[in-house]
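A single chain, nothing else alongside it, follows as structure tokens in the form predicted alone.
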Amino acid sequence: MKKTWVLMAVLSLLSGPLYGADLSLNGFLQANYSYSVTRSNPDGGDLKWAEERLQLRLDLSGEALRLFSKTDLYYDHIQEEADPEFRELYLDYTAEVFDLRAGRQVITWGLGDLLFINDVFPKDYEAFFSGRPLEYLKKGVDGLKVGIYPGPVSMEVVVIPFFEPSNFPDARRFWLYDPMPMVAEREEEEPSSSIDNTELAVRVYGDLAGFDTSLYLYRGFFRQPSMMPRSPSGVTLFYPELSVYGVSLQGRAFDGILSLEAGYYDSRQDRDGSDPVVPNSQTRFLVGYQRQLREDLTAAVQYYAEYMHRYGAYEGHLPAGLPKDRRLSQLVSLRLTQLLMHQTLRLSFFSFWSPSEGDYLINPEVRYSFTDSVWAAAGAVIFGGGEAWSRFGQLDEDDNLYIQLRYEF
């Protein structure tokens, strides 16, 4: 929180030339509740989420400069606390062939629908699993993004000096698999803010034979922590070093839209695969296809896979009693969206199913727009299948129903 206030002060000073520029202020009021239907939470409660939220979006635009902020004020009934959340706060500078964005920003790369290969930026998976609007799946990073547009090929360079981990379900609200349940003493070590630990991401993109094509490079850290035993007792949660090299293509094919994406995950601290507490290097790839079946009905399918390298070394060094990951982990998704009643009613269905692990996630939702400013949605998040430690199998007791109500202004 402290660095956020410092960031606000710096951007306010830099935005001096914007006085007298065009000002836009809008936002929304939102209520969001999610109720456990299978079993009470580990903390004894029945609510996965319960809050009211006010979001204010300020846009101050001049000829070359733009200051944008997205700030949420919320009250969490479960934790009984009210806090501000600075979701985005950045300053843009636009020139003829390049632009700069400095501050907290949400960055989206890659082509996957809820599957992320080259989108290496932090996510909030608890938000998705507890039935919050999908925009809350993405977290902002504090950094600098430079866009360069010299001709047919463009480039984005992102520099992130402050590490931001992904957010995973809270063990007080979700039933989660714990490989070391008897160890209560735990500490977390995030990468320090230094030149050596500054994250760098590069995207080069353009048109290739009618396909939107991108090349990606990332050097930083895994955003999901690993566990390292610590003597005499306890564990340390840490974030291993990671580099990602990827590519994506998207274009029209077979009367629909075809998406292809792949990435090589170079686990720099465990390239020989012998360290059981650091993830092995992987190749990840995705094939997606989307098509409009009839008016206002769209279907999209995806096949996603992770292939672990140095699998023999991984098997040979895995401690007894710990679950073993598969060499090839697979995931299939289906999304159906039907619009009705002059597109004021939206029926949607999204699901994940793993052919390798046998677990699944199902997310049906109904959303109705009462006016241009007021809408409500109700849905469910259902988990099951697989083993007690698999991606969705471990959440088998966490099925929940949710409602969302929003007034936009």
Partner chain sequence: MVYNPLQRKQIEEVKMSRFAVVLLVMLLPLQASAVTAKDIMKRSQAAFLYPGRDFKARVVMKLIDKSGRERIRELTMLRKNYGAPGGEQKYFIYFFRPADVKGMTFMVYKYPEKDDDRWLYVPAIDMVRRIAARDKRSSFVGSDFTYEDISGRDIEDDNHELLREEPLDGRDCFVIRSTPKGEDGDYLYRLSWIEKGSFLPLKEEYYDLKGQLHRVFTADEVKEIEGFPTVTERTMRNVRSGHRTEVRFVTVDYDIGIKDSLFSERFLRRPPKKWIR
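Numbering follows the first chain given and starts at 1. Remember, it's a predicted structure, so these values are computed and weren't measured experimentally.
Below, we turn to the form predicted together with the partner chain, even though it does not appear here.
- Shown alone here, Gly62 lies within 4.5 Å of the partner chain in the model of the complex, counting heavy atoms only.
- When the partner chain is considered in the model of the complex, Ser40 lies well away from it, no heavy atom lying within 4.5 Å.
- Using a 4.5 angstroms limit between non-hydrogen atoms, Glu135 touches the partner chain in the model of the complex.
- Proximity of Arg291 to the partner chain in the model of the complex: non-hydrogen atoms within 4.5 Å are present.
- Between the options Ala184, Ala171, Leu318, Val97, the residue in contact with the partner chain in the model of the complex by a heavy atom within 4.5 angstroms is Val97.
- This chain appears without its partner; in the model of the complex, the one residue of Arg252, His77, Lys324, Arg230 with a heavy atom within 4.5 Å of the partner chain is Arg252.
- The candidate site formed by Asp22, Lys70 and Tyr149 is fully in contact with the partner chain in the model of the complex, as each residue has a non-hydrogen atom within 4.5 angstroms of it.
- Only one segment in the set 239-247, 197-205, 184-192, 221-229 has residues whose heavy atoms sit within 4.5 Å of the partner chain in the model of the complex; it is 197-205.
- Applying a 4.5 Å heavy atom cutoff to the partner chain in the model of the complex picks out Phe370, Thr371, Asp372, Trp375 from 370-401, in order along the sequence.
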